[in-house]
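Shown next are two forms of a single protein chain, provided one at a time as structure tokens under the names structure 1 and structure 2.
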Structure 1
């Protein structure tokens, strides 16, 4: 029963979020300078009066505001995100074909940053006050303040231009799959490495700082002292009594950062020409292709909500207490 009511609460939350996002989208279309129809058309159709009139009829732009909002939400419910008059394709298709690379990039950066941050933070926390703690904390402080696009460019400068170890941009160099799926996967992985590290590094810095202070706090707790008093080795104390407790707030926080991470992916994909939603966003910004931008905002928001559910689940796996509450 508890599970069902929790699930219902979650579902209403999600529906509410999507409604709010749709309303933001719609309000934006209306608050833009000029005619809403020309916003929907993007700049391409702004000159053709007949075309604009057709759009007005399709979106019911002569109707009262609330009726229009209803029409718009109805379209979204049917997965119709509008039409890109620039690319001459439905927005839903454009977004769907770019979804894979973005998920790949964001998820690898997410796990990279979480694993790296928890490890580095634990190392720094254990050597609290020693030089290795100082070094890790300093690097984290600097990384935390680095603009993500600049970090990407610097990594390109070092690893692609100077050392020539990794490709600077793109998804794959292979024109055909005649090299076999394994070679193709290796090629994509090589292209994924720098973007994932760039996006992950910034968040790794955040998690490192958090894990460090969290571990220092846990280390001072009574149950750790008890474990030490009963003669348990340091490694066993760390594994059995400290890591899980210290990592909990980090995982909870990481879940909240996914939205920011998707935003970071937009910038990283722009730097590395990674063919995902971010690159699509950049192209849509450059072309002022508003239907694509509006659709992207909606889809990325839904993506974040989905990942939030996932991290919620992860927390439950780490912390059995949460399953009860």
Structure 2
């Protein structure tokens, strides 16, 4: 019963969080300057007042703010994200078309940065004060200070233009329809590599620094000194007493950075012409397509909540003592 009650409480908190996020998103988007009806009318070549009034009435833009908000929340409760002003298609269909590539990019960058950061940070922490520690720390500092878009362009110049090892842009080769399953998967992986590295590089630098500091701190704790005094080998001490405790702050911080990573995907997808939610967000902003923007913000928020739950699960797997809390 205790587990069920905790699960229900967590689910209730998630639903309330989604409703609050949806309300804030709706308020901010509708507070932004610009009139969607004017944008649509300009694309149609008609700007008379009657046409604008008809457009506002068609999309409910002539209703009071609270009425529009209530209608939007009601649609969300029915899992209806609305209808795109510009593309005249259900927002759900537009998002589902782009969700797969964005999930692929974001999750690849997340695990790449987390695994790479923990590994490099552990190497630096174990060799604290030596040349390898200084080298890893210097590279991490340079990656952290490098703008994402510049790093992406430099990787394209080196690995695509100069070395011709990897494709520069897109999701797959234009001839991918004729590929077999394995060849297609390999082609997508080659297109994914540079965007994932670009998006994950700055976060890997942060996790490297955090893991290094955490491991140095754990190494000075009493339980590690006691294990060493009992005659345990360094490998056993590292595996059983140091890595797990040192990795907990890194995993917790990584969960908090997911929102920033999803936001950074907008820039990366634009640089690499990756057909994900970031490109769709950019197009929706320029077109003042409110339903698409609201749907994207809501889906991205749900993605952040889901990854935070995944991070919480990873913490519990790393430290079973958290399972009783």
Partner chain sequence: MNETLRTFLSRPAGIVGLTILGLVCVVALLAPVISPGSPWDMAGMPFARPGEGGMWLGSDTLGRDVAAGVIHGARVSLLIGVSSTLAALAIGVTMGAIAGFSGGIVDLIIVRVTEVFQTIPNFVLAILLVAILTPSLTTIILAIALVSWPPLARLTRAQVMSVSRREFVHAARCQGQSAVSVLVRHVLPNAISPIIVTGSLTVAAAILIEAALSFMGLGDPNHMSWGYMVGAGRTVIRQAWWMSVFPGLAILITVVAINLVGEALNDALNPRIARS
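Predicted, not measured: the structure shown is a model, and the values here were computed from it. What we label the rigid core is the largest C-alpha set whose atoms superpose within 1.5 Å from one form to the other. Residue numbers count along the first chain shown, from 1.
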Item to complete: Eyeball the pair and call it: which is the form predicted together with its partner chain?
Response: 1
Worksheet item: Core aligned, does the CA of residue 285 move at least 2 Å between structure 1 and structure 2?
Response: yes
Practice prompt. Please state the CA displacement of residue 68 between structure 1 and structure 2 in angstrom, with both forms fitted on the core.
Written response: 3.5
